[in-house]
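Heads up, the chain below is alone and in the form predicted on its own; it's given as structure tokens.
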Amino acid sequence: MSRISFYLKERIKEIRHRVLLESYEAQKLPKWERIVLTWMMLFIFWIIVSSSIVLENLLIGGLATLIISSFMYNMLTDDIRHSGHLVEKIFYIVFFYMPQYIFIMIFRIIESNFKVAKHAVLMDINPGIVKIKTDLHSDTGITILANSITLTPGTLTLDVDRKLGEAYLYVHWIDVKTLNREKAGESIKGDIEEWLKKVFW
């Protein structure tokens, strides 16, 4: 490879990384919203683990989780996309996004179980590894997508590869219908990625 093409490749990589970083910074939640979201998640976890709704327990738990949230807010909310008011976001996540995700996953798991059973009975199997592209950029979003694909019978995410600001998943597929990245991606990811894009950047 000549020096000019190597230089151009490095420049493109640098520009893409910069654009991605600026886009990410622009979509970050304000600090106070991240603390509130982290506190709510930790406080709910506290109530579930302690199994008590006594006033003293709630006060101690609320204070302890608030102190922890003020230091650890980056760990849980760093990848969440900024959109709308905080109350609106919480409302949508709890009452709309989460039930929607659970419904999508239940449907895909049942559908995949029937497909895998059909392949096993008819011995009509064409296994292979396909490489698909994801439009997600955050670690949390890509991790949830990879695990959701693995939870679906017949597919198993083997690896994640990042190149020039883009992410690719290597998936073992029990019935490879196409090696075309877009078509294979549509078939494997289904509606899961579109759902994740509403919450994660």
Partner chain sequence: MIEYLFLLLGEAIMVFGALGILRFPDVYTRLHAATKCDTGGAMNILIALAIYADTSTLIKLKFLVLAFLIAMINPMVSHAIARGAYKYGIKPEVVVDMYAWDNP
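Model, not experiment: these values are computed from the prediction. Each form is matched to the other, and the largest set of C-alpha atoms that superpose within 1.5 Å is called the rigid core. Positions refer to the first chain, counted from 1.
Below, we turn to the form predicted in complex with the partner chain, even though it does not appear here.
Asker: Could you confirm whether residue 100 comes within 4.5 Å of the partner chain in the predicted bound form, counting heavy atoms only?
Answerer: Judged by the heavy-atom cut-off of 4.5 Å, residue 100 is well away from the partner chain in the predicted bound form.
Asker: Any chance residue 35 has a heavy atom within 4.5 Å of the partner chain in the predicted bound form?
Answerer: It does not: once the partner chain is placed as it appears in the predicted bound form, residue 35 has no heavy atom within 4.5 Å of it.
Asker: Taking any heavy atom pair closer than or equal to 4.5 Å as contact, tell me whether residue 39 reaches the partner chain in the predicted bound form.
Answerer: No, residue 39 sits far enough from the partner chain in the predicted bound form that none of its heavy atoms falls within 4.5 Å.
Asker: Using 4.5 Å between non-hydrogen atoms, is residue 151 touching the partner chain in the predicted bound form?
Answerer: Taking the distances in the predicted bound form, the answer for residue 151 is yes, it comes within 4.5 Å of the partner chain.
Asker: Has each of 117, 126 and 129 got a heavy atom lying within 4.5 angstroms of the partner chain in the predicted bound form?
Answerer: All of them do, each having a heavy atom within 4.5 Å of the partner.
Asker: Of the options 134, 65, 157, 138, which one has a non-hydrogen atom that comes within 4.5 Å of the partner chain in the predicted bound form?
Answerer: Looking at the other structure, the residue within range turns out to be 157.
Asker: For residue 114, state whether the C-alpha moves by 2 Å or more between this form and the one not shown after rigid core superposition.
Answerer: Residue 114: C-alpha displaced by 2 Å or more between this form and the one not shown.
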